[in-house]
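In the form predicted on its own, a lone chain appears below as structure tokens.
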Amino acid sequence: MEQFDFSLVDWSRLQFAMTAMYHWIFVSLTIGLALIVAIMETVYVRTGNEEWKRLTKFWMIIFGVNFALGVATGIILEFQFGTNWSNYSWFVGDVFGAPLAIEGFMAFFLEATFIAVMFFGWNRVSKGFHLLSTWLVAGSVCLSALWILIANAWMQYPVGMQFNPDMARMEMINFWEVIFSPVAISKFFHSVASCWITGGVVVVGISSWFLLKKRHIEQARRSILVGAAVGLLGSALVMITGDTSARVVAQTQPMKLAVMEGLYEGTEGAPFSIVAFFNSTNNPERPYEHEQMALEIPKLLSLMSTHDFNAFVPGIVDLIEGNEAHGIMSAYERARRGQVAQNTLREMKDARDVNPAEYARLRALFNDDKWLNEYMIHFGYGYFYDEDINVFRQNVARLMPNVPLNYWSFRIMVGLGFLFIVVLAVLGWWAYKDRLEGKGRTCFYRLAIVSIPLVYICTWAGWIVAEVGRQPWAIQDWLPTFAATTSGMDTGSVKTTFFLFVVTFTVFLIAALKIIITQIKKGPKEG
């Protein structure tokens, strides 16, 4: 393995993760509230009831605060591709930059245009045009998320591109394949639906606070009706897309599936563990050796990942050591072949000006489908290669995502998701039947309030599975994170900006919470 500054890599990853987690706080509620606000205004326009207009304006202010800070944190997040991850930007900028550019020119343009009408056009445009503007904002925030998630999905499952050996970078050859990748489709619907859950839980939680304080009872009931409906719709879509995502991950990122399920030894009829506890054997040459205690449901993992109770699901050991019976190549062999591809690229560059014939011979290999399938598809593994297999085994730990972190993050996400379904369903039913006041209600109101911070923990856990679960790859199988950072960058500068961003984003969050809490204390304005 080449020498890399792993301290720089770790701090760059930590900075990006911190920025993304702050960003997602604002984005998830923005997308969720956009739909809720649009529904409330639709009811107002159809009924003419001023109470719905007051509710729309109340939740619109909370939406606006999150929208503004989502934009601010998002800009800082995208800048890091140029500052901290310039090797990544060079290698895949032709592909990755396209959806980001479309998001900026198309989706954000719609948001910026119609959000002004949405906030300031109440008495300046007709009801119908104002409602249209609100729905266009709700649609544009989802459209903005679409292009970002397409870019992220391409990192998980790179398609529609080819490697240009003269430039040593990826180039897009099929735009539609990138857009309609199965990973992109499932990721978009799964992520947007999770935002609807966030919006629903926050609206129901705040409305429950009004009920506990015995204020704005009717407005709280109406808000719970809409919030619960949106949240439950999101929950249903999350479960459907979660099932699809499991099969897609099994096909495209088997290591991610193995670590999120704590599956070390592959097997036919693989069980799903409800809870498991892991204990490493501390063998430096076999870091995946472990002892495990688990409560399992037989064959469920095979069913989830393939819709076949008896299908083989590879484990961590299979993916590293290889499994000839199931056609799985060992990580060492993949690294050896990847090293051949990297060496061929270096030799081609060296021969370009001194040996045209040799250059032409080597250049032709990058147009040879057989050679590409035998060597080039393992390009990223070449960064891990070492001629001494014992040294390679010691480096194998970098090919394994953190098992306990992914395993428990997935279960936190699923467990909290079911909790939200219960809270939303019960309170939504009470609101529908107009039975929000009565015995035994207080505990559910408090649970709904507690669910507000829990819903963010839930969405963070989902992103941990998605991003930490694909480590060590910045681009799956093509570019590891330690090769994607900016060469020669000082680790100290990354540390400095990390703490500056922590302070800045925390100030943003505190300011947002102060505005939102002030608005909540005021409640929906009368008159």
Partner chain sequence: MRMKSVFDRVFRYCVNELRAHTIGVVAVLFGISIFLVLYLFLKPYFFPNFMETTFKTDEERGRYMIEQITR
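Numbering follows the first chain given and starts at 1. What you see is a predicted model, and the numbers here were worked out from it, not measured in a lab.
Absent from the display: the form predicted together with the partner chain. The rest refers to it.
By the criterion of a heavy atom within 4.5 Å, V27 is excluded from the residues contacting the partner chain in the predicted complex. Though the partner is left out of this view, F119 does reach within 4.5 Å of the partner chain in the predicted complex, counting heavy atoms only.
Of the heavy atoms in V465, none are within 4.5 Å of the partner chain in the predicted complex.
Though the partner is left out of this view, P165 does reach within 4.5 Å of the partner chain in the predicted complex, counting heavy atoms only. Here the chain stands alone, but in the predicted complex its contact with the partner chain, taken as any heavy atom within 4.5 Å, falls in 481 to 489 among 32 to 40, 454 to 462, 467 to 475, 481 to 489. Of the residues L319, V313, L345, V403, just one reaches the partner chain in the predicted complex with a heavy atom at 4.5 Å or closer; this is L345. This chain is drawn without the partner chain; in the predicted complex, the residue among A72, L372, I179, I148 with a heavy atom within 4.5 Å of it is A72. Residues are counted as partner-facing when one of their heavy atoms sits within 4.5 Å of the partner chain in the predicted complex; in 51 to 74 these are I61, V65, A68, L69, A72, in sequence order.
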